[in-house]
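What follows is a single chain, given as structure tokens, in the form predicted alone.
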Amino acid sequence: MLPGLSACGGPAREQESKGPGYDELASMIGRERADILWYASFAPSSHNVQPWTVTIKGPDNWVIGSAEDRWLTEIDPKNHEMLLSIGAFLENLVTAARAYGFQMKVRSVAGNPFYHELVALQFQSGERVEYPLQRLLERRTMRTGFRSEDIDPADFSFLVGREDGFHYYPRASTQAVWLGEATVAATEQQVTRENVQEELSRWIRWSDADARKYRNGLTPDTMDITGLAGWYVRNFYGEGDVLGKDFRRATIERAKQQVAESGGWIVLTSEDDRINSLIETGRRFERMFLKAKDRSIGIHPMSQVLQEKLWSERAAQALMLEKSPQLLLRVGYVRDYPSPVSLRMPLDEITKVKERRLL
């Protein structure tokens, strides 16, 4: 047997471990606040770049921002997807804070999407709100294993509640068919763009060593490259392979397989493209996403259509939407909902404490 072949899985998330730096951070801000940050860190983000930063200016005064070196300037030049990710992070943080008995006063402080400080938070005492925080840890982006069965209206209602801006298109609908065809076409366009492939190559952690070093980005496991194929790419693939013809061809074929395997699409819209609207859309997205496992529904963001101008300009009309689409989600029932595999950055790498000891 080849060395390491018996262990075909990559580095584990180690959910039960709160990572290096947690204890020191907890000694400065208290374990409850450190736990709130830890739960928030499990939010989704494009390419799993985890763009958020948290500046703790005082025990009750925090500022959420973004790290420029974790922006995706090629597929997200306007930082729209980054703001959606910040919204998901904020939702996790507010949800965890309520469970610990805090209310959060939230105020936008950004003048444009490229400000490094985006949202100011103020902790206020409140009553504990019961919430299954395990949902935040178990949320997972699914890419395979979708059943070709429409989402039951009762399950869709469970996911979105009474919130506006969610639109479901069953798999055989005209809109879903267009989304599938347009997603494949947009993917074909993207793989020809050298700058996009180069950006993607920088965020794939092929080796176990890189995955452990960075604890962000895409690993073979998060891309559902498992078993012997996963072992092979972790040991023999590198950045240059993403730029090769074989990887580009495989990317297109994978997109075709994925859009053919679904129970339809959910599209999220916003009132406009302002900072507050995008962050709020990210919050609504996360509130929905956190319920998906309860109904065995897989969710796979596939927003290539919105990333390519030729298709993004047609999207609203093709989908018969009056408001701007911001997230395109391939959805479907799944037989198995495995544990999450996306890695998380240590808290001390996303957090800056102004004073060494605040409590």
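Computed from a predicted model, the values in this text were never measured in an experiment. Position 1 is the first residue in the sequence shown; the rest follow in order.
Quick note: we don't show the form predicted in complex with a small molecule, though the next part is all about it.
Proximity to the small molecule in the predicted bound form, defined as a heavy atom within 4.5 Å, holds among Arg98, Arg248, Arg287, Arg143 only for Arg143. Only one of Ile297, Leu327, Ile64, Leu37 lies close to the small molecule in the predicted bound form, with a heavy atom inside 4.5 Å, and it is Leu327. Mapping the unseen interface onto this chain, Glu81 counts among the residues with a heavy atom inside 4.5 Å of the small molecule in the predicted bound form. Proximity of Leu218 to the small molecule in the predicted bound form falls within the 4.5 Å heavy atom cutoff. Arg70 falls outside the set of residues with a heavy atom inside 4.5 Å of the small molecule in the predicted bound form. Although the partner is absent here, Thr351 is not a contact residue: none of its heavy atoms lies within 4.5 angstroms of the small molecule in the predicted bound form.
Heavy atoms within 4.5 Å of the small molecule in the predicted bound form map, among the stretches 299-307, 316-324, 54-62, 29-37, onto 299-307 alone.
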